[in-house]
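Only one chain is shown below, in structure tokens, and it's the form predicted on its own.
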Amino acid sequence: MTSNKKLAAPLSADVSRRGFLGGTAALGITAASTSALMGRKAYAAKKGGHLRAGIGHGSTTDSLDPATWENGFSLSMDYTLFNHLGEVDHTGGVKPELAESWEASPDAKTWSFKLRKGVEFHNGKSLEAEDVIASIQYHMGEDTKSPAKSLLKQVTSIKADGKNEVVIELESGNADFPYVISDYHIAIKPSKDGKIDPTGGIGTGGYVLESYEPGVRFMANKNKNYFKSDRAHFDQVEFITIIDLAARQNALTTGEIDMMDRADLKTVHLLKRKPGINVMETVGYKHYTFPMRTDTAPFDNNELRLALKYALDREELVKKILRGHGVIGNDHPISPTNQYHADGLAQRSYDPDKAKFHFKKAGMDGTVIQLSAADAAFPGAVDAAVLYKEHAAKAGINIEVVREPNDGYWSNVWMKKGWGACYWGGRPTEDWMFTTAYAAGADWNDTFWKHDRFNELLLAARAELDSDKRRTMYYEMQEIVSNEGGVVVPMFANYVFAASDKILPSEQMAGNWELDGAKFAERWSFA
């Protein structure tokens, strides 16, 4: 690697590009959150205290195995116990975390990651290249069920260059690779004999595991040897699964918890009036979807898929489900805040006549279409499904809403039933999002969709370093997904959450995930 002529690290270029976007929305903070923060007293971060967070996710089937992480509770736990080679910041750029720096060859096929020295795992073991390699390889095995497997298929070799450097070769160039290798599943764990303990709770993160009861509660204590001296301010953090929205909100207003995710959008205006409560909102990549299994009848028929896309009044969903805290979608997963969002693509609108035309063309007249939903999928998912049913009825399409249990929804319904409700946190780059959920054979391709031209473009765009050419390819891919894909994307939702005014959040919050990029335990403090 050291003999290669190196190009400038994409980190710098990316941060500059996103910084150019300017404005609070591009930075993941809306006027609402900015106002809330400006209105607070000028507190300084205070060390200590016991943080209690009510989380609207969590299942008894969850675990500490990074290959199984699929909900917000697991994500928050991940970022509390573990670190990754890089982290996404409030600008949407990726910056080094356990890596001290990285460099690429001119064709972006060879990446060298220099590791931060002096970092220790919770068991006292020093971080070395072998730990990073074992942690990455865990997601690359033939039998792995990890969603990161599809991201890592491009890796042809991974090796150490001494104790503090890892060199990764790719089958073709990827200008976004630092984002890919920082995927939240690829948490760095200590290795022994070249293997990690996938269900172990030992990491390098700001907190040390105290106890964990899946679907119920997680507790961790401050890591006194954390390598980030300006992070992890709390003495102890506790995450409690409270799926029921009203119960979660009541727990906050009565002081049983200090903060909560997924505020109730129906009553958030009342919550804002509560003394001692700050409501915050960030704009990111999150979108709500209705994925159809394209490998299963009747959803293997694109005429039916088009019928269902035209049969939905997405404007009404944004108004009634999001209460205006978001924007309409266009049946592809690339957010308006993404660099290569296809803003010139014609917006699909509610059109019962077109829906009826495609439904008849699909030969589906008289057929009842089942749509599974639970509020575990996203807040208001059942109400959204009922609205969908009403919209479709005007096109002569009969949708039967199947109300599913919240617990076990992701294990028993998502990617199992033919058509359901779902949410995606989204990803900061087009390649990351498409590779995770739309590439043929990807473990989280929840529509089981395969499209030759799309997959050809995915590889070509990944290796293309000319921004204009990449834009052209990503625009075409969004059009293909919108017109031929198996997903209905009605809306992109803002993250809306709340905390006691005793909590001091970051002044510039990340919008890549809920609750400051799911790093609230590390970045926030008591005021």
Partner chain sequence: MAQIMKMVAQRFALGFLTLFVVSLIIFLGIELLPGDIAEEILGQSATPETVAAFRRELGLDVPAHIRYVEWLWNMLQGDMGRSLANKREISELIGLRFGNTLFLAVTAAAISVPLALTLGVLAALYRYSFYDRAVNVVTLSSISFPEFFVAYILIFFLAVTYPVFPSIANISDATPFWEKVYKVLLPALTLTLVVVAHMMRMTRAAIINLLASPYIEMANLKGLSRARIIVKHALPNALAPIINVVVINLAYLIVGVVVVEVVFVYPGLGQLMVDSVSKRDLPVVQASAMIFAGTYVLLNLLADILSILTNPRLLHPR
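Fair warning: this is a prediction, and the values are worked out from it, not measured in the lab. Positions refer to the first chain, counted from 1. Each form is matched to the other, and the largest set of C-alpha atoms that superpose within 1.5 Å is called the rigid core.
Another form, the form predicted in complex with the partner chain, is not on view; read the next lines as being about it.
Scanning S411, S172, Q236, Q370 against the partner chain in the predicted bound form with a 4.5 Å heavy atom cut-off leaves one residue, S411. Among the residues R217, K195, K159, K163, the one placing a heavy atom within 4.5 Å of the partner chain in the predicted bound form is R217. Only one segment in the set 423 to 431, 82 to 90, 340 to 348, 95 to 103 has residues whose heavy atoms sit within 4.5 Å of the partner chain in the predicted bound form; it is 423 to 431. Although the partner is absent from this view, S112 stays clear of the partner chain in the predicted bound form, with no non-hydrogen atom inside 4.5 angstroms. Although the partner is absent here, T296 lies well away from the partner chain in the predicted bound form, with no heavy atom inside 4.5 Å.
The closest non-hydrogen atom of K149 lies within 4.5 Å of the partner chain in the predicted bound form. By the criterion of a heavy atom within 4.5 Å, I242 is counted among the residues contacting the partner chain in the predicted bound form. The three marked residues, D107, S182 and V208, fail to reach the partner chain in the predicted bound form, with no heavy atom of any inside 4.5 Å.
Using a 4.5 Å cut-off on any heavy atom, the residues of 134 to 156 that reach the partner chain in the predicted bound form are, in sequence order, E142, D143, T144, K145, S146, P147, K149, K153.
In the core-superposed comparison between this form and the one not shown, the C-alpha atom of G255 has shifted by less than 2 angstroms.
Relative to the superposed core, A437 undergoes a C-alpha shift of no less than 2 Å between this form and the one not shown.
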